[in-house]
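As structure tokens, one chain now follows by itself in the form predicted on its own.
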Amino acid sequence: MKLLYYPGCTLKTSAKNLEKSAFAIMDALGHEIAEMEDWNCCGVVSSLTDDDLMHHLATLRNLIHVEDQGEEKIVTLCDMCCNTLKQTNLRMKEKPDDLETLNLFMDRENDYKGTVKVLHFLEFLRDEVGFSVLKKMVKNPLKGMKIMPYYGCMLLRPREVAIDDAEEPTIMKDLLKALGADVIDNPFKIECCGSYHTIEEKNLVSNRANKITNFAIERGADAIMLSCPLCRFNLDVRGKEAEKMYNNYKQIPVYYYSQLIAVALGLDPKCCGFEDHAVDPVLLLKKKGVFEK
């Protein structure tokens, strides 16, 4: 299967390891992934006001270019990009007057016909590959690893574009079970990590990392698994910085789900880019016997 892929900005900068590990998984599954042509920034966040159409322009241009390439499906890895693309796509399909206005405004682009389906890579793995297929391919089960799945905001809000139940999501839990890990549940799994406050309010975000991680540790978690590049930075980097702020606090490793899939499938560890993390993720893998010591 050939899958058209929208990378967004972060996957080409601070989240290269998320992209590289996901590509390795697709190759192992026998699927071809092709980066879409002439993509631009998604716009980062979807507008919260009904009368603001300008903030949908950048997103809509990407959807138009998917149609221009003759495709009806686009997959993303970034939670923020997925959320933004899905919200614009939904609005264009539900509000034809808005779509007509934007199509007229972008007179150098083809009109958007509303044929595109936006998928998060996790959705693709769950709905079109199947976690049962991944389970059969596991060579290095994550046995003995107690991992807390962390969703953050963008995968589950608003409900209209969520990839799972907004209050009790299970997609990451089901994935971890397929990989052989022990799942540690945590009410903080749907709490915000602090998001863009990480720029001007670093201590605030470190405080969030401290609360989220401590709650996980109290329940016996060895590590956290997530999907969002911004969440990874905040829980990993700002979490490491929180060690200096709070006595007896020590940040635990943070993994992208794609990294843990790659490890479990026995793929080349180089595709995981573990060296880019603030807290070394390899030490735990060795301790649990997933990697050779």
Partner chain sequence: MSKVTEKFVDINSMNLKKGELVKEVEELCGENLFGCYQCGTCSAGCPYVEDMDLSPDEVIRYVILDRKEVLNSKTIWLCSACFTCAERCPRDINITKIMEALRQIILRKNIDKTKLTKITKEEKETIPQLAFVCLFRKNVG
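Numbering follows the first chain given and starts at 1. All figures in this text were calculated on a predicted structure; none of them were measured in a lab.
Although it is not shown, the form predicted in complex with its partner chain is what the next lines describe.
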Within 4.5 Å of its partner chain in the model of the complex, heavy atom basis, the matching stretch of 109-117, 175-183, 72-80, 129-137 is 72-80
If we test each of L85, A209, M154, I147 for a heavy atom within 4.5 Å of its partner chain in the model of the complex, the one that passes is M154
None of I33, L265, V45, M36 but one has a heavy atom within 4.5 Å of its partner chain in the model of the complex; the exception is V45
Can any non-hydrogen atom of D222 be found within 4.5 angstroms of its partner chain in the model of the complex? no
Does the 4.5 Å heavy atom contact test between H197 and its partner chain in the model of the complex come out positive? yes
Quiz prompt | Exercise: V282 in contact with its partner chain in the model of the complex, heavy atom 4.5 Å | solution = no
How about E94: is it within 4.5 Å of its partner chain in the model of the complex, going by heavy atoms?
no
Point to revise | Whether D50, A166 and R238 all lie within 4.5 angstroms of its partner chain in the model of the complex by heavy atom | key: yes
Applying a 4.5 angstroms cut-off on non-hydrogen atoms, the residues of 228-255 near its partner chain in the model of the complex are P229, L230, F233, R238
